[in-house]
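Same chain, two forms, each on its own as structure tokens: structure 1, then structure 2.
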Structure 1
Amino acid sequence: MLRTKRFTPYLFVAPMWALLLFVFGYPIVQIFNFSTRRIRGATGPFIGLENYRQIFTDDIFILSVKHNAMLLLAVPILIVIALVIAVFLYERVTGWRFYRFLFFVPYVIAIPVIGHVFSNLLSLNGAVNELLRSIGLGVLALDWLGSEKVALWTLMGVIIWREAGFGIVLFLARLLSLNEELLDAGKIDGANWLQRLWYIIVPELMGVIEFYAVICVITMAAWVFGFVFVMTHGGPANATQVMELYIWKYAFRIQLPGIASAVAVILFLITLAAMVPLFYLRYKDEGTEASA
């Protein structure tokens, strides 16, 4: 049997870790550094937490945080939609392979393309409103992206439409590896569709559901810039302003990278705070299963 020294495996992964630290670690350290400075050009004087004080007294920043928090409401919606559709596809409805392809297509389309298409569809005189007027439902024709009341919810709907495909394929892949004898036993015992879903399928998919939940939280908290920038640019009247767009404006339009870095640090910490508990609970569950 080949014997190696204890540190030998670490030598094999050391180049990868060095590359990761350089590509991701160094920028994160610099962002933390910039957030405590008044940057002019490449650097600037140290000002402590002044940048943080300014953003926490800015009403637009508070509004951005509120909007990101509201977008998190899409996470359970995405999980439920993806789970239900995946289960129907798993039951091999007629044409399920085509439907699987159809549901996944939006996820592979570039976000700017989706943004431009839906901007035209959902404008005041766009195809959606024209269709509603033509069938006598003109009362439902709204300025979907131009109204302060509905713009954020419209944006959320477009994001859900695009992101659900990944969850559907993810859940379906896990279902296809599921032991069908469990479901057959449930049917024999008289369990209906909802009971089989809740007591058999959901527990079997719990690990995948937790993973997808983390992905959705990251998406809604720190990955919606493309949708907002293309479709609304934060408007109308900051009704769709989010933290990523706030960072972009201060970094490139207002030319205050110190402020932008401070917001980026806060967004990083929020994302980390959402991820760590989920991974910890998963790790704890795996430890409990291993000791059982």
Structure 2
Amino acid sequence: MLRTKRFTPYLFVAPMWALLLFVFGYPIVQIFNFSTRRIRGATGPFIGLENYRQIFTDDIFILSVKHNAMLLLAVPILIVIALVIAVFLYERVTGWRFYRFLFFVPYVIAIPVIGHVFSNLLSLNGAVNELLRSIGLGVLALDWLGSEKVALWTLMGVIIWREAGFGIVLFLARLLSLNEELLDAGKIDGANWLQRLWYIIVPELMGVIEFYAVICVITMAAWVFGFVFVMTHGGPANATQVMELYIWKYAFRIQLPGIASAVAVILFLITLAAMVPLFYLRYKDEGTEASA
């Protein structure tokens, strides 16, 4: 540690905190404030918890919460896909360099592009259904984004398609720093592939798996706006309505920022709750770092 005058460190962090207070601090305080007001223009009269009462009696809001919760099903799917693929790549299967390059490509393609391309691919007479019909699976040719029953699951599939690459690269990076002797010992003891995965790799990677799980939970709860906005706009008949789109609609279309702020507060609290395991991990880490 550098020896400095007492106030020097604070001078160094001051610009950063000025910026963070403006972009994070001010808005977080204000959504709580706005959520208790009926806002017209810049501000409005205090109405207590009326905005919250309104959203909780709005079926569409309840539906959007339910949809975000259903999207959480993607979290375990993403973890399993990313882990298995990452382990294959780590084992240097034929073509692993090519796979590693390819699997990350969806992550560098912009979400609006992905949204438009998949909207066309998955339309009733789109390429996917054309393919299904041509191989005699015409019964599976659903109206992927136009049917209320499947639209949300289709959306989830597209999100998984894009987000899996990040998990693969993340797990692979952690695997490469793994002590190889552990796996060799497992092999010598006659553990098969699944046993090595479950008893050696998963425990060793627990930290980064938990990290990825938290990121995925937050993504599914509060970071799918781009997909929904481009592909379905919440439709058909609110079948893919999610909290973010609800906020956007109330804040910038219907122009009732008070209602939108109440939803933003709820989303903020959900994100905070999802972060708890992350900080628990961090805390544990700092503890071991200090004692080492």
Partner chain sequence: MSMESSSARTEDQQWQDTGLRRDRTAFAKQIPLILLALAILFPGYFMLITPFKTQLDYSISKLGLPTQFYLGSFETALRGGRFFLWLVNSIIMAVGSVVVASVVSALGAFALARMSFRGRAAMLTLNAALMVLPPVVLIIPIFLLYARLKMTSTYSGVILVYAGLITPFAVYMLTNFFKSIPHEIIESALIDGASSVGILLRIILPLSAPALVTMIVVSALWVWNDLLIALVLLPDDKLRSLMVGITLFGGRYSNDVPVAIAGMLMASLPMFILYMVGQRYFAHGLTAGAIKG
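Predicted model only: the values in this text are computed from it and were never measured. Reference numbering: structure 1, starting with residue 1. In this text, the rigid core denotes the largest set of C-alpha atoms whose superposition between the two forms falls within 1.5 Å.
Of the two forms shown, the form predicted in complex with the partner chain is structure 2. Relative to the superposed core, residue 10 shifts its CA atom by 2 Å or more between structure 1 and structure 2. Once the rigid core is used as the reference frame, the Cα position of residue 19 differs between structure 1 and structure 2 by 2 Å or more.
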